[in-house]
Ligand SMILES: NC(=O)c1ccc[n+]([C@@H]2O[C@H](COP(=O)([O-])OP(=O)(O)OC[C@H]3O[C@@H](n4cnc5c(N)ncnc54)[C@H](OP(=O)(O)O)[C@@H]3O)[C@@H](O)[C@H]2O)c1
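In the block that follows, a single chain appears as structure tokens, in the form predicted alone.
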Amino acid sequence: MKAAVVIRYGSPDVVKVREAPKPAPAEGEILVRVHASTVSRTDCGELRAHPFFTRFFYGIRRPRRAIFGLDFAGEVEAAGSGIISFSPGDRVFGMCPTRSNGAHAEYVSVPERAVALMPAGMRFDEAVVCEGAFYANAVLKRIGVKPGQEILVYGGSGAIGTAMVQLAKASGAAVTAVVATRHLALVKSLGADRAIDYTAGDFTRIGKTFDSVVDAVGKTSFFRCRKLLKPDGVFAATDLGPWGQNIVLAMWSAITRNHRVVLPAPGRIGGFVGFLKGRMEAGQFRAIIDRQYPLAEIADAYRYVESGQKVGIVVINVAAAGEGERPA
């Protein structure tokens, strides 16, 4: 099979499309013929392995896995023993575990718990949305978002940010999204009650406080945003933040038990894909697709994601053109 293979850390130039062994499904796994995947900030972080201590998770000298890519959508090719929920030909989507080879390949073998049937009538490129929503959902669960709460999302236009706005609204929260001028209409269309243009002035001086402030892109800080928090408000981050300060602040917050800063761990995939499918079928969640690249041009997709300009997701079309069309 063809796959985007990474054998050492480095720039997008080290990502090479070449032949790789086709995986076989183990017990409790499903072999999926991949039609679409994504390149995300997580993939770029794994490629660069920066900061250095992340290599304790990814591999000290070289990546532990040779094929990246967390999101996938495709068709079931075969099922391992013990699988009763899926059959060959089923259209499925899901999220690959980070410890095994991913979906930047023509085939991927994944645990049954990480897979769900695609909503009826959906294209493959519209279904590769799990990763951003997975991290967003982890934050919302950690801060205990409830109906009527007020939440500010800084960076509401990326994969995590667009997911955060939609999932928070589906939970009944009042959402304020902070984005660049060109994304104001987008976040409003996703349900944001208020959209603030950070290029037009200091967003921290809007004269309002929130139950939670979430940094969805790792480009602001607790110290800058604390004036936006109510007395018992929480600052949550999805990234280490400038100079890795969020992990230190989260540890100190846990030690002192003031719970003002949290850096949620994403948790387990099991059950999440089915939850997200329900949100999609209810019309409460949809993909925001920025660009699409064929597998042969995946290095260019990495370069674009590294530019920091993407909106929503960047899709990799693994299958041949036309195979991801919406089913009748």
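One-based numbering along the sequence shown. Note that the structure is a prediction, hence the values are computed from the model and not measured.
Unshown form predicted in complex with the named molecule; subsequent notes refer to it.
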Q.
Is it the case in the predicted bound form that K169, S212 and R286 each bring at least one heavy atom within 4.5 Å of the named molecule?
A. no
Q: Identify which of R194, K219, K208, K146 has a heavy atom within 4.5 Å of the named molecule in the predicted bound form; exactly one of them does.
A: K219
**Q.** Partner-contacting position among R123, H183, R113, R91 - heavy atom within 4.5 Å of the named molecule in the predicted bound form
**A.** H183
Q. Thinking of the named molecule in the predicted bound form, which stretch from 294-302, 23-31, 270-278, 39-47 has heavy atoms inside 4.5 Å of it?
A. 39-47
Q. Counting only non-hydrogen atoms and a 4.5 angstroms cut-off, does A73 reach the named molecule in the predicted bound form?
A. no
Q) Is N137 close enough to touch the named molecule in the predicted bound form, meaning at least one heavy atom pair within 4.5 Å? A) no
Q: Considering only heavy atoms, tell me if N246 and the named molecule come within 4.5 Å of each other in the predicted bound form.
A: no
Q) Taking the shortest heavy atom distance, is S157 within 4.5 Å of the named molecule in the predicted bound form? A) yes
